[in-house]
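Form predicted alone, single chain, as structure tokens, below.
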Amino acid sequence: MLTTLAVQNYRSLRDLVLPLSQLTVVTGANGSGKSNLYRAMRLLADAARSGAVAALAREGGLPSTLWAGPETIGRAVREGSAPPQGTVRTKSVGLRLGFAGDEFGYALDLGMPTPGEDSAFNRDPEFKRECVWSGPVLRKGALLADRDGPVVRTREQDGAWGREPHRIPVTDSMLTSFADPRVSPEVLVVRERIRSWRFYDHFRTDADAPARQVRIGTRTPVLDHDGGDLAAALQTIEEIGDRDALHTAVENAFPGARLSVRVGEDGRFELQLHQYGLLRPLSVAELSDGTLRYLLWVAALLSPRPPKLLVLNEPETSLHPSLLPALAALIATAAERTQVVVVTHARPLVQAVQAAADDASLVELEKEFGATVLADAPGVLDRPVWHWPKR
């Protein structure tokens, strides 16, 4: 389980260190930085798939994603007697992301390339530092793999550093370019754990949404991100997953209702909802947006193949308040098998999750001089211990 998430210089996340539990609910007002946190976690996951540089390019490049405020916020600014203004930088500019758990920790530092290279790609960010360590806190003696620019060093079985450093491209993560089980099995373990992370955002429910289409079904233990294989995913839960949890989730939201999947002669799966009092089932094309979106969350949260980490972004969108207790119970059920992070601004959902899961932890974000901080946190001494690798 991850116990700490750290982000530095990503948009409003100037210097955020977040405690995580088995079930963490992140909330805050609009503009407090919740979406930035969600995107930062996705960016961290992209590093394990060699996609961090491309993901930053889709956001306008590294410079446009960096913290836009001053390097330091002086007393005059805090007291309101002077406006913030730029000063001469004393630290290297970089986007830093990392996490830690009881077993392993990982951190990366992305920066701009050294000036002088004659290339059309000289705005591609480079991996300046990258580390994998054992335990919850980065220490020199706990390092297992250490990357400085293009050079990677790893520990031998006797604990000493390998004699021959390895060289990899500066635009590639060592998680993808150096995950060799013979040389550094811990790097491979960390990579595969990150690759198992699963993210779900706003599902489409319009008339042309993939979830409303009837298509050929195959065994689907993991719902696709667009929800197009919803019928197959629900049928998979019915056959090899937690059937009782599936039926309970439907009953909690729609008393007296049940689901079925009609399989045509051509192998196409069609989802149907049987409701009490109706003479025929409703097809997926007839379901309301809220009903369909709830069923998509059912398929995502009851996956027979749970990930190491499941991150949900505003799952309450377009759901009637009456459905939130059922959604909260579903989230609590999922948290029994996997670590869950829920990002939401809906206070009723926060309260429903806390009622459904006694061990759910609440993290509230707010803005302070443009930067995202933890609400009710007096200072850095009250946050989890975290150390960034130095360039």
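Predicted model only: the values in this text are computed from it and were never measured. For every residue, the number given is its place in the sequence shown, counted from 1.
The next section is about a form of this same protein that is not shown, the form predicted together with a small molecule.
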{"query": "4.5 angstroms heavy atom contact with the small molecule in the predicted bound form for Arg11", "finding": "yes"}
{"query": "Touches the small molecule in the predicted bound form: Met41 (any heavy atom, 4.5 Å)", "finding": "no"}
{"query": "The small molecule contact in the predicted bound form: Ser361, any heavy atom under 4.5 Å", "finding": "no"}
{"query": "4.5 angstroms heavy atom contact with the small molecule in the predicted bound form for Ser32", "finding": "yes"}
{"query": "The single option of Glu71, Glu314, Glu192, Asp180 touching the small molecule in the predicted bound form, heavy atom within 4.5 Å", "finding": "Glu314"}
{"query": "Of Leu324, Leu66, Leu56, Ala332, the one that lies within 4.5 Å of the small molecule in the predicted bound form (heavy atoms)", "finding": "Leu66"}
{"query": "Within 4.5 Å of the small molecule in the predicted bound form, all of Arg153, Ser173 and Arg391 (non-hydrogen atom)", "finding": "no"}
{"query": "Contact stretch among 334-342, 47-55, 350-358, 33-41 - heavy atom within 4.5 Å of the small molecule in the predicted bound form", "finding": "33-41"}
